[in-house]
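As structure tokens, one chain now follows by itself in the form predicted alone.
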Amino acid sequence: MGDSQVCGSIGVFDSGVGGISVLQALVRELPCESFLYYGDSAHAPYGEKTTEEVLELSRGIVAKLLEAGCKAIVIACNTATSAAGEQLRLEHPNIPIIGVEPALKPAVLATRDGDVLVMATPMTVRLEKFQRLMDEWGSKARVHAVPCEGLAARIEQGRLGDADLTELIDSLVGRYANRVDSVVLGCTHYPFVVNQIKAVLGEVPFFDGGEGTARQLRRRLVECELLNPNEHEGGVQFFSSKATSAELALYERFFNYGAGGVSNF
């Protein structure tokens, strides 16, 4: 591989702000890499679209990221991973393309025959990728999969401290309060509202796929000899299909908020 490709950016995309939770894990795991984050906020949320729509949107974003010189792609969206991941790998066999999936396995292993709540978008719950996970791990615990329609779209708006957000979460999963042993956050938007979910469900362990995705990205970069050899810190650039200064500022606030910064929501 040429040095220019080794030092290229890693493209990360999601339907909007949700993939920023994965981006944070990537930056922690690979601080010397540079990242180009693309949020498709103009078409969010993906979880309530058809498979074909999500595949076409994902294709277009990957084309933009590769045109920008990205050496690897992270699909930081459970829905897009399920709907488009396999096809995108077929279409771009020479580029590492890493996706995310609901962290059902670690939740089941930690829970040991308990009750596991999976919160995900309607499409993620419906598609074959999740059904395969259920076939493999659903028999080892009592798994309750809930399609959380409208939640990702509401998180996209920011204002995470407003009462209506907690009310929405309560309407979706309130019936499981004090009834589950762990919660799988099956949409990359949901880690940003863990506190609100706790307010509804109580204190339970949460599992999401961000850290596992980051470790997998490192493995693939090493395998493909694409790991940046430089030791100086990389950086993050944000782009959005809703190309306004307000939207990009929102992305920055999510990135800093989830990383432990002060929330302006």
Ligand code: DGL
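The numbering used is simple: start at 1 and walk along the sequence shown. Keep in mind the model is a prediction, meaning the values are calculated, not measured.
The form predicted together with this ligand exists for this protein as well; it is not shown, and the discussion that follows is about that form.
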query	finding
Interface stretch in the predicted bound form with this ligand - options 89-97, 173-181, 132-140, 76-84, non-hydrogen atom within 4.5 Å	76-84
Residue contact check: Gly209 to this ligand in the predicted bound form, 4.5 Å heavy atom	no
Residue contact check: Gly39 to this ligand in the predicted bound form, 4.5 Å heavy atom	no
Partner contact for Ala152 in the predicted bound form: this ligand, 4.5 angstroms, heavy atom	yes
Proximity of Cys187 to this ligand in the predicted bound form, heavy atoms at 4.5 Å	yes
In the predicted bound form, residues of 46-64 near this ligand [heavy atom within 4.5 Å]	Tyr46, Gly47
